[in-house]
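As a starting point, one isolated chain is supplied in structure tokens, in the form predicted alone.
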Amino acid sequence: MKPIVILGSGLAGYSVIRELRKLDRDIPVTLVTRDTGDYYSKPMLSNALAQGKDAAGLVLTRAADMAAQLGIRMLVETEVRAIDRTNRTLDTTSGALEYDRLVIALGADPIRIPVQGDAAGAVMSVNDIADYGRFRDLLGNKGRIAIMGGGLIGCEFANDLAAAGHAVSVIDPGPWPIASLMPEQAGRQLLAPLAALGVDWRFGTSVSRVDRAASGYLLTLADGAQLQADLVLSAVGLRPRITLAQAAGLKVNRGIAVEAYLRSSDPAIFALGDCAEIEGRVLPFVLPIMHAARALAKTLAGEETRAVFPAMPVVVKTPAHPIAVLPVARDAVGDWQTLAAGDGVKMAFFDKLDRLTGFTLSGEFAGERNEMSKRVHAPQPA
């Protein structure tokens, strides 16, 4: 019997297997991953430093133990070079592999903004535990860290690094922190609490050059300003990994295009997690991944099940000023309204029919996310 093959050992891949094993202990499953296959919490990467955790300390379960617990075959440090959809086989660096159904959960790659300078190649990204290990090794006792990007991940790293005693500069072309998710009033409330930790904000500009200096690096910004840093971290966003799917002839847009059952344009191939675009939406957060994994596991076990997403607030890990956001679509029509303000802000987004469809809670109001979620107008399945 050909196995179900899962590509990727992140939260999405492992969650599908865990949910499937609750329903069926016997169906053969093979997991293929290009890394070690050790299980860890990826969201912990951006707040592990202040907790004193190195890369090894982030591992929750070793790959061999995961394989034994879940009753699966695992191919680690294995690259998938091509998908043969006609014969349902994979060309991998560990040999040919047949599949009955294929689940692509390959995640996303860091977006790399082109910069000039003789140290442009030294700009780091932290997208997995191996990246974090390299970053932690290089960090050592270095004091000055420049972060390219003031979005969710950039702000989480800024809080973590500053809390650990590092001087942090955040450079972003946007007008305020986490501008893609939060309205201005909420975003600007993050400025002072992180500045109090030692974060230097540089908005409305970007990094043009990174050059080697006598000590560390010299960054030249688009507005002509310069600053010194011992390490430069890029956190400008992620791009879904679609190359393998695209080469196989699957429909792709921003991510691998799938419908509500997580099925791609090939009925034997599914996708979820950061690499997937579910009914036109890329949902790169923990809660959507968990909901998608439960639905897909049922489908793989023989019960066709749509992925239905309730209100799923995103918790931003900035302890200096806690934030919970229920994002709204960039093209959403409506208005942000302030419901309360104080040491933080409570804001809701109302669509053109005056329905509450999103919210931002910060500071003293961040703990109200469950209450606010209950007030959200949930879109009905088509």
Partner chain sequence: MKVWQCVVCGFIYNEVAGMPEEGIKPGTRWADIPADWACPDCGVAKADFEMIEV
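None of the values given here were measured: they were computed from a predicted structure. Residue numbers count along the first chain shown, from 1.
There is also a form predicted together with the partner chain; it is not shown, and the following applies to it.
- When the partner chain is considered in the predicted bound form, only one residue from A222, L191, L287, A260 comes within 4.5 Å through any heavy atom, namely L287.
- Checked against the partner chain in the predicted bound form, the candidates H166, R202, R294, R241 yield a single residue with a heavy atom inside 4.5 Å, and that residue is R294.
- Residue heavy atoms within 4.5 Å of the partner chain in the predicted bound form occur in exactly one stretch of 279-287, 296-304, 128-136, 86-94, and that stretch is 279-287.
- The closest heavy atom approach of M372 to the partner chain in the predicted bound form falls outside 4.5 Å.
- Proximity of G334 to the partner chain in the predicted bound form falls outside the 4.5 Å heavy atom cutoff.
- At least one heavy atom of Y39 is located within 4.5 Å of the partner chain in the predicted bound form.
- With a 4.5 Å cutoff on heavy atoms, R21 does not count as touching the partner chain in the predicted bound form; it lies far away.
- For a residue to qualify, one of its non-hydrogen atoms must sit within 4.5 Å of the partner chain in the predicted bound form; none of A119, A146 and G216 qualifies.
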